[in-house]
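Next up: a single chain in structure tokens, the form predicted on its own.
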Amino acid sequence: MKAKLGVSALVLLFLGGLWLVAAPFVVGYQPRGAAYVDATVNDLWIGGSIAMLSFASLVIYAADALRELSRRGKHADT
């Protein structure tokens, strides 16, 4: 149960980070062709950081889960 909750939180954080990256352009507070406003720069840095860290955490979790599954498989054969 705890693992599902943790993975769900990481997925939500990843999606939230992607939204922060896309929001200035989707919502329209970044004028097309203009220099980036401060809010856009902030959203890109914060959203990119959140998305990157949560994705890295998901990859680490998946690698750990695969290692645990392979470890269980080796013990079952011997």
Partner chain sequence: MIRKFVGAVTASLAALAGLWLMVAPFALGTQAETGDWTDTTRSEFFTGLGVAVVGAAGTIAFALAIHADLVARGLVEVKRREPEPSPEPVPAAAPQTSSAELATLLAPLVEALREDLNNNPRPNGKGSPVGVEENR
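Numbering follows the first chain given and starts at 1. Since the structure is predicted, the reported quantities are computational estimates derived from the model, not experimental observations.
Form predicted in complex with the partner chain: not shown, discussed below.
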### Message
Residue-level contact is defined here as any heavy atom of the residue lying within 4.5 Å of the partner chain in the predicted complex; does Y29 satisfy this criterion?
### Response
yes
### Query
Could you tell me if K2 has a non-hydrogen atom within 4.5 Å of the partner chain in the predicted complex?
yes
### Task
Within 4.5 Å of the partner chain in the predicted complex, which residues of 37-56 have a heavy atom? Give them in sequence order, or say none.
D38, A39, N42, D43, I46, I50, L53, S54
